[in-house]
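Quick setup: one chain, the form predicted alone, written in structure tokens, and binding and motion questions come after.
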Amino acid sequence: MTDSPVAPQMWEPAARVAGAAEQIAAPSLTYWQDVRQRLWRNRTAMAGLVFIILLVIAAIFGPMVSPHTYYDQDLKLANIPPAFQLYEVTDGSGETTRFFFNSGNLNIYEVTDDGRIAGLIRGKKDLIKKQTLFTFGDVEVTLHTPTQTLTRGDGVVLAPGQWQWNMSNVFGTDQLGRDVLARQLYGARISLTVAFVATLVNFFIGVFYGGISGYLGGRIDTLMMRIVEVIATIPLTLYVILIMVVFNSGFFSVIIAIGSVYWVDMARIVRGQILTLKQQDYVAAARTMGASTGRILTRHLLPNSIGPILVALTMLIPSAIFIESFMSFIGLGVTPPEASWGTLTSEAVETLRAYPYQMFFPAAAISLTMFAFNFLGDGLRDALDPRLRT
């Protein structure tokens, strides 16, 4: 085996470029720039953030552009589903009538060509024969109540045709003829308002209460934490009942109840962070230079614990939404005709078997919102952790 010849120019020293030794291959990023990039790469967290933004936009502007309101009632249009199968009847003059049969309330509704509900078609009921007669020009259609079948006058059984989406009420109507979509959007306003109020209370009361308790320590810390434990041991339902006695039931009572006790978990989290951070050297240096307690707390300790605070806030928001929905479900929340996701599910329980769509939409909204906030919280937890910084 012979060695391959080496060209002389390969032994020449490499050319030097000024500043090449100090050149950094990757751009230098600040802490928050790195957090933003890592959060952006987390697809589930970004999907949750997009869903939350769209939900907030829909809750704010949806009721404004909707042709329906959350309180308008029309009993003639009660319990209309979001989609139905069409029937067609052509009379002797060649005019075709499109309608659908609502098996829940045994009514027939005329449908326009663009899928809108034109109105209720009246019929003559025969209680003895258990049937209802409808007239379309010179064609008679009989509804047989026991079998829920439609037959023409010549005995031909009408078969349902294609499915049609309800363009008058996209999510259908409830038992009082109110638009489910309009009430769903208004319910999003109520639930998100409670969630953001709980967030503000957590931030202003829980953060500073826990920060003061953790920084001062000693007997003051012991006393403040005992107060937190007393508040945490009393069930939230009892708070709501007591507040309802004073302020009456309603949305305002729910906000006061959640705002008065919901900050205790945040206070505990912040206290634990402050107990760890106050032992750091920069806190001792600030104290030596004469910084006041308020300045050390607001300019040094709380900013350095903002990561766990943001994650805890994001995780507590879906919990607040669920608590409000539960309170409204058991009748301790908003009062009719106001709507929240909890009241919508409570009303839908009565007609769950006959009209499951009335339960599906508010339950899906609660579930998706809680998933979105939890995904965003997980993404923030990973992005704000400096140990995972690459």
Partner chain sequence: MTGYVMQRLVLMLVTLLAIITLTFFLMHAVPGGPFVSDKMMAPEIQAAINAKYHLDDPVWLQYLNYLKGIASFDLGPSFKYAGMSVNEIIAEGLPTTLKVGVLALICVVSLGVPLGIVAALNRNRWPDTLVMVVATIGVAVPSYVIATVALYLFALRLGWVPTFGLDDWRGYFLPVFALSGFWISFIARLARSSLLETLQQDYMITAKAKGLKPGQILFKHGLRNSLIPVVTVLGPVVANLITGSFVIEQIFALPGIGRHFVLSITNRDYTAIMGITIFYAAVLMVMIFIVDMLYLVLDPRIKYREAR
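Rigid core: the largest C-alpha set superposing within 1.5 Å between the two forms. Just so it is clear, the structure is predicted and the values come from calculations on it, not from any experiment. Numbering follows the first chain given and starts at 1.
Absent from the display: the form predicted in complex with the partner chain. The rest refers to it.
- Interface residue among A363, L55, V35, M46, judged by heavy atoms within 4.5 Å of the partner chain in the model of the complex: A363.
- Residue-level contacts in the model of the complex: of L200, V157, I241, A284, one residue has a heavy atom within 4.5 Å of the partner chain, and it is I241.
- Interface residue remark: E229 is counted as part of the site for the partner chain in the model of the complex, having a heavy atom within 4.5 Å.
- With a 4.5 Å cutoff on heavy atoms, S103 does not count as touching the partner chain in the model of the complex; it lies far away.
- Though the partner is left out of this view, T276 does not reach within 4.5 Å of the partner chain in the model of the complex, counting heavy atoms only.
- With a 4.5 Å cutoff on heavy atoms, A59 does not count as touching the partner chain in the model of the complex; it lies far away.
- The three marked residues, G272, L310 and T314, fail to reach the partner chain in the model of the complex, with no heavy atom of any inside 4.5 Å.
- With the partner left out here, the partner chain still marks one of 232-240, 103-111, 122-130, 77-85 in the model of the complex; by a 4.5 Å heavy atom cut-off that stretch is 232-240.
- Contact annotation for 338-354: residues with any non-hydrogen atom within 4.5 angstroms of the partner chain in the model of the complex are G342, T345, V349, L352, R353, listed in sequence order.
- Core-superposed comparison between this form and the one not shown: CA of V157 displaced by less than 2 Å.
- The Cα position of L242 differs by 2 Å or more between this form and the one not shown after fitting on the rigid core.
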